[in-house]
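Next up: a single chain in structure tokens, the form predicted on its own.
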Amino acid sequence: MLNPRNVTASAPGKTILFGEHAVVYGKPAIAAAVDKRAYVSIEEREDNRTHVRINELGISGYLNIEKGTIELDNDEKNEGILKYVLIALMKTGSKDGLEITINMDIPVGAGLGSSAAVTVATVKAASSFKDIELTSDGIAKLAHQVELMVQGSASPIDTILSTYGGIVYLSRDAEEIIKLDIDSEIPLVIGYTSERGNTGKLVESVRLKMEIAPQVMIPLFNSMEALTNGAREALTSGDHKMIGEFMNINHGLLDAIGVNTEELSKMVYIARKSGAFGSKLTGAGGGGSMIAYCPGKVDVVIESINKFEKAFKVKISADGVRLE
């Protein structure tokens, strides 16, 4: 039997518009929260166990918050997002005896910040369930700590966007995060592959290239910095042509550092052929997602990509984490 008390929080996913990978090396990036969300509901159980179910993934299991362990309900060994949930509960001082249900309309492993959205929503739901009031800044910092513990290294940009929403510019060396006021609509299409990239392995592959050939890699990252700063001006002024051109250049540079795939490039070039002003992979690469900037051509681009992969329209989400 479950206690009727229930708290549900949701947080948006994100897409990186410019600067992925370069941000790891102190360069700026621009990213946006999107209107695809993760929903985390928490209610009490009458026993002293904590159970989590992620409906869209068919993953469920028991968490031991006190001991920090996970016991899956089936024979699979992929704990995946459950690790983020467990550590978020530990960080918020939650006690065992909870039933947690997670629903997602963010594709997992597609570079759209699904883990950050779940983490931020869990922190918000768990703290609210305990009647602890955390500031948005406190939620973002706590959620970033969770991602660091699970991944080993992580940019704060995902958890910041899931917390605050909107479009942000992450300045050089992450010294400042600036929320951008963009008046014009940003019509985006996201396409994603069935193949999923491993963020940790891709980041490591780029690091090794930097170690072996810094004389090649450093100029590439300097170019990414210049285009990100140019893209910030183009976004602010609503210069559709330059937004697209900077996306195209960014994709070429990401290809040069070795994180592109044939499947991603196919979608990127089909989008351009179908009328997108610009398109690029987004996130870590190696599979996952691409984005296309498509003023007046959203439906045509979606139709073209859907012939061989999956695509959908996204809007920028002004809302960050919230109670439902």
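Quantities reported herein were computed from a predicted structural model and do not represent experimental measurements. For every residue, the number given is its place in the sequence shown, counted from 1.
The protein also exists as the form predicted together with a small molecule; that form is not presented, and the subsequent description refers to it.
Listed residue (249, 108, 134, 203) with a non-hydrogen atom within 4.5 angstroms of the small molecule in the model of the complex:
None of the other options qualify; the answer is 203.
Does any heavy atom of residue 302 come within 4.5 Å of a heavy atom of the small molecule in the model of the complex?
Contact check for residue 302: no, nothing within 4.5 Å of the small molecule in the model of the complex.
My question is simply whether residue 24 lines the interface with the small molecule in the model of the complex - judged by any non-hydrogen atom within 4.5 Å.
Within the cut-off, so yes.
Mark residue 63 yes when one of its heavy atoms lies within 4.5 Å of a heavy atom of the small molecule in the model of the complex, and no otherwise.
No, residue 63 is distant from the partner.
Verify the contact flag for residue 311: yes if a non-hydrogen atom of it lies within 4.5 Å of a non-hydrogen atom of the small molecule in the model of the complex, no if not.
No - in the model of the complex, heavy atoms of residue 311 and the small molecule never come within 4.5 Å of each other.
Between the small molecule and 8, 117 and 321, in the model of the complex, does every residue show a non-hydrogen atom at 4.5 Å or closer?
Spot residues vs the small molecule: no contact at all.
Select, from the options 55 to 63, 261 to 269, 30 to 38, 277 to 285, the stretch whose residues sit within 4.5 angstroms of the small molecule in the model of the complex by heavy atom distance.
Of the options given, it is 277 to 285.
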